[in-house]
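Presented as structure tokens, the chain that follows is alone, the form predicted on its own.
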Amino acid sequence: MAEIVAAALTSHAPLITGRPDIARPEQRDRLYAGFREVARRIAAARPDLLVMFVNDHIQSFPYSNMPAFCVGLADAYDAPSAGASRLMQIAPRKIRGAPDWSLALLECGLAGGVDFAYSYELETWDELAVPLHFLLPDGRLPIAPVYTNCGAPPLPTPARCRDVGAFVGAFVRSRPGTERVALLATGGISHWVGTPETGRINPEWDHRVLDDVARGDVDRLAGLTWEEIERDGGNGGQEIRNWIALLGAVPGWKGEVLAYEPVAEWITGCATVWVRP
């Protein structure tokens, strides 16, 4: 039987790698150390596949065609593309996909009440490139991305994200053989982007979210409304849907916060969290 052998949550702001020089050195170094520790633990778990709960940034999906949930079926993903590499200061590269695995998830969902959209072509951004720069430096592990709409209301509810994550977790465990799967969710925490409050961070809300993660209280997080998240965590805070999906996949698992830094220069409350039984 397949097994979930590792799970982690991280932020994915492009300036984490794109402008490391503008952050306070002590904040940057603590966050980078958190990323390195997640990388070490994932490597120690020896996974065969990395399933990623992530969100688009209106790169692949325009406002006129925005799926609630989408499974990537590509053979490979830019992490980053040549154009995006200039912003994120990461060399362009391709990360292998897992199209057969992802197609099996899609078909299982369609048979089991989760109507995933799917795409063979995804224009990726910091949701993949920034965390994978730290966590998969050699790029040898294939990835299977599951995208959630976190940017173009109406959004799927946090409760629905938890339930879809639970479906993905059950799918992983139902797989035959001895497949070893790691889970990663990226996004958030609090940040306001493209609004009059751009640049604002709310550490108080971030700590409330991290406290719930540390207790493994996914139901409390799933009970948040769009309005509450928008008010306290900003439009960028809506990305915690990715975190909620991962927690739904591993019920009862609790978070160990490795780093949290409200980095004003990167306009994001940034964190790395290890999730374990």
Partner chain sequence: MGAPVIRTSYRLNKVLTAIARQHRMAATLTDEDLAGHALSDEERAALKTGDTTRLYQLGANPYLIRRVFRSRFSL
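Residue numbers count along the first chain shown, from 1. Here the structure is a predicted model, which is why all the values come from computation and not from measurement.
Beyond the structure shown, there is the form predicted in complex with its partner chain, which is absent from this document and is the topic of what follows.
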For residue 58, is any heavy atom within 4.5 Å of its partner chain in the model of the complex, or not? yes
Is it the case that residue 15, even though its partner is missing from this view, gets within 4.5 Å of its partner chain in the model of the complex, heavy atoms only? yes
Should residue 227 be counted as a contact of its partner chain in the model of the complex, where contact means heavy atoms within 4.5 Å? yes
Using 4.5 Å between non-hydrogen atoms, is residue 153 touching its partner chain in the model of the complex? yes
Thinking of its partner chain in the model of the complex, which stretch from 114 to 122, 91 to 99, 187 to 195, 128 to 136 has heavy atoms inside 4.5 Å of it? 187 to 195
Of 166, 87, 108, 159, which residue is found within 4.5 angstroms of its partner chain in the model of the complex when only non-hydrogen atoms are counted? 87
Could you tell me which one of 220, 215, 40, 231 places a heavy atom within 4.5 Å of its partner chain in the model of the complex? 231
Suppose contact means any heavy atom within 4.5 Å; which members of 232 to 248 contact its partner chain in the model of the complex? 235, 236, 239
